[in-house]
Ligand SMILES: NC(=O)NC(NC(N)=O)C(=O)[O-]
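Have a look below at one chain only, the form predicted alone, in structure tokens format.
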């Protein structure tokens, strides 16, 4: 029997059918129906969307979703076509309707470095990629977000430029790590958590932290129950014989790999062991949460983190699509678009990352969208040691994950967990990350089987399309529509005219 869940109750089919009478009928594709001067290409705040493949209520199957006032009001599961045939609904046929992606690791670079990216271009790319919420990193903008005052500069820069919702991480740096009142001021101002580097960040006003800074910062974070995100690479006190030889070719990708070996990740995580123990029940920073960003090493580093989790530490792990899509053997010498830190490692490591993700040892995915001005990538020179590191990827992460994950047997439910549910939990976004009654209507609609080629004719909304390592690739998974707070912000390669995404501040 077809049922609908609404505000915690189960409604019979007749009640659902009656509720449909107030909306308008569309059949996707619905180009002629797109319009509106404001926040949405679909100028209605009460409507239904339906498909044979909706990811909701722990299942994947036929369903219709009622959107009202920016929220999900009801869900009718089962054979919706029998009663929606002549009813008002945006019918997406067999396309997937899924929670919008939440990317907890993106560098939007504004204020101060809008020539690298910016809130407008970055959030437009996000909307085109099915991402409905971003959490912006505190560095690469100038100044870095390390105080209440610099967070205000970030919020001012974002005004009227957000096409999706955006939250903000603050920075844990030496100048505030040992100053609880300074950290509390930043946390009270609304950052969703903090981020630190255990190696040089490359940004002058975002210096690296040591284990003492991290341990003290976690004590403050424990009071707020917000996470500390850590770039876990540390230059070992003693470099082994695999370190870089100054005479090696800087254009060779193997040279860059040797300059930043897995030992850097291992050293950082070993240095974090006491901090991780402090997050256990009864520990000095019980209630705090350590989150390891962009894990690359799927051997010793992953093993150390698995042990910490099993021992009761509050630790989570993310990796990124570029570590799952590419391998060191495939990176062309001189192609600095592939430079990132930690590096993309060999194909065996890539397979091990997929296995850890599927087994639940890696909790979630993020883009680590880290663009720059094209000249900093040194693409003509091809010098991996001097080029700016970072993969430009924001618009492509859903099709990249799907395209490469299919051969590992990933499911739509896993995709929603890695990209929506778990990121929402990490960032404390209580009514995001799932298609459930009462949740914000943040939704992506996409066609898993639709293939496309990222050639020169494909629309790309990043500020600098030519620096992305994904250009030239064939992918599966075309984004049809993106809804943010019930607004249809992107459909059929068209954005809504107004930028009506909201800044997200912790309370």
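Numbering follows the first chain given and starts at 1. It should be emphasised that the depicted structure is a prediction, and the values quoted were computed from it without experimental measurement.
Heads up, the form predicted together with the ligand isn't pictured, but that's what we're talking about next.
The ligand in the predicted bound form comes within 4.5 Å of a heavy atom belonging to residue 197. In the predicted bound form, the ligand sits within 4.5 Å of a heavy atom belonging to residue 388. The ligand in the predicted bound form comes within 4.5 Å of no heavy atom belonging to residue 324.
Taking the partner from elsewhere, residue 267 is found to have every heavy atom lying beyond 4.5 Å of the ligand in the predicted bound form. The candidate stretches are 428 to 436, 161 to 169, 368 to 376, 208 to 216, and the one lying within 4.5 Å of the ligand in the predicted bound form by heavy atoms is 368 to 376.
Judged against the ligand in the predicted bound form with a 4.5 angstroms heavy atom cut-off, the residues 139, 231 and 340 are in contact without exception. Contact annotation: of the candidates 201, 73, 150, 259, the single residue with a non-hydrogen atom within 4.5 angstroms of the ligand in the predicted bound form is 201. 294 is the sole member of 294, 124, 314, 350 with a non-hydrogen atom lying within 4.5 angstroms of the ligand in the predicted bound form.
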